[in-house]
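Shown next as structure tokens: one chain only, the form predicted on its own.
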């Protein structure tokens, strides 16, 4: 990313895990970052010193050449670091920051874009059900689908948790979001009634939607399974599916979504160095993905 008159780009990678994500580091390098500074096991009280170390080595006019990436396996812990990093800025002393713990935001953005593509370009007014919707990726998928105009319902083994998170998310997004239980086939089928879109965002290798129930959802048009490890999260969908017709619906598997996820991830890293004031959480990352789709990248 270095220009003839520019200092090298520096990405400060803050990870909540003991060892910083190799995946995130490799993606940053492939995106063109010149210098990568990685720190693992970062505690919230360490963020200020680390960020200020990156800030104060350069003049204000050069701060667009420095950025911060926050990741790790714990979304909650990473969100705390992300918010703390932003809170350390003052006056003109700020840099762009991206949050993508466990790939949750970039994966959710890619899934939301696949859903929109499957519905012909718009999900406004469509009913969407997100299985494992109270997990880190599921919550972000639900949030983005709601932002795009869908009527969203969160499915979880814990009905109380599903309703509580749905209520909080509805207040945040100003949309209608419901919750339902997935602990038995009858309650699962009831929760999926009328859904045009189903996204499975559960743990790897955990089946969430049996084939017989899926085939009984007469309204279903798009199914997206973010699980890449057998057995499938949505039975009958292959990880490599990408807008593949399965039993009369359009299907995406984890690898089918993964190509766009990687494009979004790399582009988001590059966008951090366009200015020194970007804050990229789920919605900002979705906007980057939508721009890529419009350009047909």
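Positions refer to the first chain, counted from 1. Keep in mind that this is a model prediction, so the values were computed, not measured.
Omitted from view is the form predicted together with a further copy of the same chain, to which the following refers.
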Work out which of the listed stretches, 268-276, 230-238, 40-48, 245-253, brings a heavy atom within 4.5 angstroms of a further copy of the same chain in the predicted complex. 40-48
Is residue 63 close enough to touch a further copy of the same chain in the predicted complex, meaning at least one heavy atom pair within 4.5 Å? no
Test of understanding: in the predicted complex, would residue 53 fall inside 4.5 Å of a further copy of the same chain by heavy atoms? yes
Residue 7: heavy atom within 4.5 Å of a further copy of the same chain in the predicted complex? yes
Heavy atoms within 4.5 Å of a further copy of the same chain in the predicted complex: does residue 20 have any? yes
So in the predicted complex, are 188, 213 and 216 all sitting within 4.5 Å of a further copy of the same chain, heavy atoms only? no
Students should find that, of 288, 16, 280, 12, the residue having a non-hydrogen atom no more than 4.5 angstroms from a further copy of the same chain in the predicted complex is 12
Under the 4.5 Å heavy atom criterion, name the residues of 28-43 that approach a further copy of the same chain in the predicted complex, in sequence order. 29, 30, 33, 34, 35, 36, 37, 39, 40, 41, 42
